[in-house]
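Quick setup: one chain, the form predicted alone, written in structure tokens, and binding and motion questions come after.
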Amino acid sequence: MRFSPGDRVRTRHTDPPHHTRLPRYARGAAGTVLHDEGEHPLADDRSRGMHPVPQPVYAVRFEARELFGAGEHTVTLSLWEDYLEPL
């Protein structure tokens, strides 16, 4: 596991030419790891017929204003480790 609860992370700012489970609204956003959710094959690769090795998936909490520019709530996303980089 590369990240631990409480770690600050940023999602990669990417626009791949194939399927991705990283929502466009969350690309390049900063959030906080809440906990790990086990290991799962990267859905991006599976959708392209590949057989990826499972990797850690994390619950990451974002402030709504970080994602949408406004709002007092939070949004939690399940994100594969490949989508994240340390802040």
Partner chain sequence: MSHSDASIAARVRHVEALLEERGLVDAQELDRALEAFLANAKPANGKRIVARAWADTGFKARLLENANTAIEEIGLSMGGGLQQQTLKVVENTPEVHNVIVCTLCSCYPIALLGPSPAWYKSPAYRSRVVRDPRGVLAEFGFDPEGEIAVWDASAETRYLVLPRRPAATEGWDEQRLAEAVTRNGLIGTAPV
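Note that the structure is a prediction, hence the values are computed from the model and not measured. Numbering follows the first chain given and starts at 1.
The form predicted in complex with its partner chain exists for this protein as well; it is not shown, and the discussion that follows is about that form.
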*asked:* Is it the case in the model of the complex that V57, E72 and V75 each bring at least one heavy atom within 4.5 Å of its partner chain?
replied: yes
*Is there a non-hydrogen atom of H35 within 4.5 angstroms of a non-hydrogen atom of its partner chain in the model of the complex?*
yes
*Looking at the partner-bound form in the model of the complex, is R48 within 4.5 Å of its partner chain by any heavy atom?*
no
*Does the 4.5 Å heavy atom contact test between R21 and its partner chain in the model of the complex come out positive?*
yes
